[in-house]
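In the block that follows, a single chain appears as structure tokens, in the form predicted on its own.
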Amino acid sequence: MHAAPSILPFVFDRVSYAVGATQILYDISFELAARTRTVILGPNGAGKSVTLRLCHGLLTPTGGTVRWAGAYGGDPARRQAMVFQRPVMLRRSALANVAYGLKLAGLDRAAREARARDMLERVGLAPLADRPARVLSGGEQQRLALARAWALRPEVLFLDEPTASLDPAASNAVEEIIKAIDASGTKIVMTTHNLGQAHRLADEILFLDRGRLVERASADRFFKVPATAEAAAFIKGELP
């Protein structure tokens, strides 16, 4: 059996975004390809979350175009998923939260329960399968949100500051799951302002500052020899 054609590359072509008279992004262009972990890095207010929402299709650019340029002929929305900093949990069990998305994707009852249980096992939540999702801790809810997205087997997974509100232990658990999702073949695109996390997870960095794409480089090059004064200042902790 041949693999389905890819929805990648993903193209941001001279994209701008404004809300009323407030300009948030300015003329940003980049292309995302498969098999690299892309981290969108920058100080607070740089436009990272807006960029990710434009990628996922939650927002529409006010200038330029956002498109999936791969050969896939179906609906790209079914091949990508997103996890937010504070995920919304359905009023049902942890298992049912994962199974619900699989039901919408068309899996029969037996298949979705089997896959949902497998996903909970992978993220360390199998003992909590029957617990109401909304009573889980913040870290457990984020792991559940990752399981819910991973269960759909997306080609691309967008993560918006996935550990911003978590303690170090919970953050480490989430990072390990992100690595496992990447190893399973899903492309990771995530935002963070955490330099340590970017060091640990990024293959490449897109660095935003005040709504502009200031620098793009491999993670190793970005941290060792930043090409711009803005990136150097951020790495030194001189930007908020």
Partner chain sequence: MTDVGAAFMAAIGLIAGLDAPLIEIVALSLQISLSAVAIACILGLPLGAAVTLGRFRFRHSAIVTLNALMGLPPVVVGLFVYLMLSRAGPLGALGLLFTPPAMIIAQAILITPIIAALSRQIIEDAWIEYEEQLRSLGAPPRRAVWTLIWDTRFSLVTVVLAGFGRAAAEVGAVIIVGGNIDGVTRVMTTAIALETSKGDLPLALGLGIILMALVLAANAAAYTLKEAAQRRFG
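These numbers come from a predicted model, not from an experiment. Numbering follows the first chain given and starts at 1.
Keep in mind that the form predicted in complex with its partner chain is missing from the display, and what follows is about it.
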Query - Listed residue that, although its partner chain is not shown, lies within 4.5 Å of it in the model of the complex (heavy atoms), from 169, 71, 111, 135 - result: 135
Query raised in the report: Ok, 200, 210, 193, 56: which has a heavy atom sitting within 4.5 Å of its partner chain in the model of the complex?
Result: 56
Query raised in the report: Do residue 82 and its partner chain come within 4.5 Å of each other in the model of the complex, heavy atoms counted?
Result: yes
Requested in this report: Determine whether any heavy atom of residue 139 comes within 4.5 Å of a heavy atom of its partner chain in the model of the complex, and answer yes or no.
Outcome: no
Requested in this report: Considering only heavy atoms, tell me if residue 76 and its partner chain come within 4.5 Å of each other in the model of the complex.
Outcome: no
Requested in this report: Using a 4.5 Å heavy atom cut-off, state whether residue 90 contacts its partner chain in the model of the complex.
Outcome: yes
**Report entry** Interface stretch in the model of the complex with its partner chain - options 178-186, 27-35, 48-56, 200-208, non-hydrogen atom within 4.5 Å
**Finding:** 48-56
Requested in this report: Within 4.5 Å of its partner chain in the model of the complex, which residues of 91-118 have a heavy atom? Give them in sequence order, or say none.
Outcome: 91, 92, 100, 101, 103, 104
